[in-house]
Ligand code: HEC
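This document opens with one chain alone, in structure tokens, the form predicted alone.
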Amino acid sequence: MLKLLIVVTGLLLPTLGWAAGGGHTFPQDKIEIDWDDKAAMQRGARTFVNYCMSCHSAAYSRFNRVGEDLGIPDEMVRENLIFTTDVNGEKTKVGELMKITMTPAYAEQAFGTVPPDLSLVARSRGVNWLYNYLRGFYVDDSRVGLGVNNGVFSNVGMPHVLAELQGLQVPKYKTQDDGHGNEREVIAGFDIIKEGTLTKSEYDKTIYELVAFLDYLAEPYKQTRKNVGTGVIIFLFVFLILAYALKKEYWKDVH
């Protein structure tokens, strides 16, 4: 039990350290990840390396393993997914782990904390949380330095790195009972005040694809595990029928 608690705590601490605060006020939309849609995960990988890997590693995965699982040839992985260099300034090899070049010391100085590795974030947070979180940034002038807040995780410590795509938005509020007879204002949605390069539906699709890729990163064998589990259940069911038939044959003359 103690070992399990330590493992769970280890999964949660990185994301808690990067995004301090709380408050789940933004409507929680739900998504279902289609693991057969490898094209969506490929586009999510592209978004990840272009917008997330400047600060966040995925150090439990290798570039060529991602390419193999998602159907991307090594040459395309080199050209489209690898933008980091090694200590000698040479381009990262396709078989290397998905690490960033930014050092923890520099990250601590620039951001006040080290951005967490995102290899397991989909397991620790869940795909629905990530989907709503990445769509929930809004303008907040009281946040000196960042200028944004988040409707899913209030007082977030991460800048809105996807603002170029989404644009800028401000929250719409509604009054809601807190369950104790008191009314409070909660975020009911957002209004765009500055257009991004994507429409709302296009941005939502981009975030879905990014979350799909993060879900893959967190457990590359998930689909295989489910397929094996289904096969085992079918085998056990067939074996049960055969065992029952065999039992009847052995005991047919016993009264």
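All residue numbers are counted from 1 along the displayed sequence. Values in this document were obtained by computation on a predicted structure and should not be read as measured data.
We do not show the form predicted in complex with the named molecule, though everything after this point is about it.
- Site annotation in the predicted complex: the residue of Leu97, Val161, Met76, Val170 reaching within 4.5 Å of the named molecule with a heavy atom is Val161.
- The stretch in contact with the named molecule in the predicted complex, judged by heavy atoms within 4.5 Å, is 122 to 130, chosen from 172 to 180, 76 to 84, 89 to 97, 122 to 130.
- For the three marked residues, Cys52, Cys55 and Leu118, a heavy atom of each sits within 4.5 Å of the named molecule in the predicted complex.
- Although the partner is absent from this view, Thr113 contacts the named molecule in the predicted complex, with a non-hydrogen atom inside 4.5 angstroms.
- In the predicted complex, the named molecule lies farther than 4.5 Å from every heavy atom of Val152.
- At a distance threshold of 4.5 angstroms between non-hydrogen atoms, Leu210 is in contact with the named molecule in the predicted complex.
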